[in-house]
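As structure tokens, one chain now follows by itself in the form predicted alone.
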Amino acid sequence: MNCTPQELLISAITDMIGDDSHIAVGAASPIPGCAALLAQIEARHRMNVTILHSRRHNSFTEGSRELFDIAAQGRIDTFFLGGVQIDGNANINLVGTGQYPQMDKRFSGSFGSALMYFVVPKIILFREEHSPRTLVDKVDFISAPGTSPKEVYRPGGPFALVTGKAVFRFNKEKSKFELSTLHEGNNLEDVQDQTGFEFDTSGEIHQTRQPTVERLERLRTEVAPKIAEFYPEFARRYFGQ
């Protein structure tokens, strides 16, 4: 059974979630949302999933404020962040491009990204576009830093970066990404050419694991109807829901 590029990304993120107890998904994150629900199903529902855009999968009564509170208490294991720009030190930019404060383009802003980046142990960075425009040597504005000085209390931080071409793991000791796997149809030279920052490689680079037939079946028949509630356009486009 062939999978789509989106299904491959969902499966790759699902593998990273593992057996975490509580996964939270923020705004405009349909692929991480699918991965969280798929991981919950595969864990036989022994996992709490909170999706802010959902009524069924969101027990919060005070919205984002409650999310920030429980994250600061250490009660969220995995969260997802993206950015207009992401650099090689895992800094993210959600504010805009160009010289601050007179930027060329302005975006929605940092919101609670800096807090979540500091307190959630496993932050998975996600950006489907993989180009020098988005993966840069140095972000124009740091909405949330990838690393902090050793004297700064920081239980959270970057775990991995998932893009439309590859998966990178973040080495906190080196403050640098290391290429983990390449998605089918991509090669090392192409990824190096399309990445604005330098990254490490070690040994043989493997392909990102394809989802099994059983996983694809669960995704298409069990997860897709659920996400149609809060990501209807995504569900229609990729799952025909």
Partner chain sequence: MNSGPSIVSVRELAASIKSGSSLGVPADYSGVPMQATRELIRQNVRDLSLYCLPSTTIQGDMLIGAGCVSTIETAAVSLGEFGRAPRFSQAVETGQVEIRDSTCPALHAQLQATEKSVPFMPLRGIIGSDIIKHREDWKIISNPFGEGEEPIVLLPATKLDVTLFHAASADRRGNVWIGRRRELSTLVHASKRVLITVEKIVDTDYFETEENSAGALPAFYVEAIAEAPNGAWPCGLQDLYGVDADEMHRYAEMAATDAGFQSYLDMRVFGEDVLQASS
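What you are looking at is a predicted structure, and each value in this text was computed from that prediction instead of being measured. Residue numbers count along the first chain shown, from 1.
What follows is about the form predicted together with its partner chain, which we do not show.
| Does its partner chain come within 4.5 Å of any heavy atom of residue 239 in the predicted complex? | Result no; residue 239 lies far from its partner chain in the predicted complex.
| said: Within 4.5 Å, heavy atoms only: does residue 53 come near its partner chain in the predicted complex? | reply: Yes, residue 53 lies within 4.5 Å of its partner chain in the predicted complex.
| query | Is residue 80 close to its partner chain in the predicted complex, meaning a heavy atom pair under 4.5 Å apart or at it? | reply | No.
| field | Close approach of residue 143 to its partner chain in the predicted complex, 4.5 Å, heavy atom | value | Residue-level check for residue 143: yes, a contact with its partner chain.
| field | Site test, 65, 95 and 103 vs its partner chain in the predicted complex, non-hydrogen atom cutoff 4.5 Å | value | All three within 4.5 Å in the predicted complex.
| field | in the predicted complex, the residue from 132, 164, 121, 112 that sits within 4.5 Å of its partner chain by heavy atoms | value | Filtering the options by heavy-atom distance leaves 112.
| request: Can you tell me which bits of 217-237 touch its partner chain in the predicted complex, meaning any heavy atom within 4.5 Å? | output: Residues within 4.5 Å: 230, 231, 232, 233, 234, 236.
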